[in-house]
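In structure tokens, the next block holds one chain alone, the form predicted alone.
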Amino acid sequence: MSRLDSFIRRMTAQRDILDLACAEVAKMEGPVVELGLGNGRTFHHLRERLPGRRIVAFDRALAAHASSIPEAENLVLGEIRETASRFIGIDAALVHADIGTGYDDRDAVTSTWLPDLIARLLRVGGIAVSGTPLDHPLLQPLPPPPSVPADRYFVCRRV
């Protein structure tokens, strides 16, 4: 599969899972946490799907399109592992993490800390969506929508 086709599959899976998650998250209290703002496409999508909801976005540096930058008080720059740790207990309704690199060795390191961070950011019943697996005793895997192949994108509920 070409890298372009792989990217399209990943983005389609991301959108389909986020749309499903947003429908559920709309019924619960709590902010949304976006780990990895990037160019802001997902932030923009979440803002449209959850109007009026606080979305706190994290990234190493600001690289988002001007139309996809959160308000200053909801943009946290620096190493995500460190900066997001300061928000543990925020009781997020949704945490989305798109910080995978596509390099197995680098993503393996991220997998050592990301699931625990997400579990500690989420409220009980909250939803986690990630491009990398989230293996943690407090994160119960949920089935993706039929349009998403298994192991393409991951969705869990905080128990």
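Fair warning: this is a prediction, and the values are worked out from it, not measured in the lab. In this text, residue numbers run from 1 along the sequence as written.
The discussion below concerns the form predicted in complex with a small molecule, not included here.
| said: Within 4.5 Å, heavy atoms only, which of 37, 33, 118, 127 is in contact with the small molecule in the predicted bound form? | reply: Residue within 4.5 Å of the partner: 37.
Inset, instruction - May I ask you to check whether residue 99 falls inside a 4.5 Å heavy atom distance of the small molecule in the predicted bound form? - result: Residue-level check for residue 99: yes, a contact with the small molecule.
Heavy atom of residue 54 within 4.5 Å of the small molecule in the predicted bound form: Contact check for residue 54: no, nothing within 4.5 Å of the small molecule in the predicted bound form.
>> Check residue 132 for me: does it contact the small molecule in the predicted bound form (non-hydrogen atoms, 4.5 angstroms)?
In response: Looking in the predicted bound form, residue contacts with the small molecule do not include residue 132, since no heavy atom lies within 4.5 Å.
Residue 75 near the small molecule in the predicted bound form, any heavy atom under 4.5 Å? Flag for residue 75 set to no.
In the predicted bound form, which of the stretches 59 to 67, 119 to 127, 25 to 33, 87 to 95 has residues with heavy atoms within 4.5 Å of the small molecule? Single hit among the candidates: 59 to 67.
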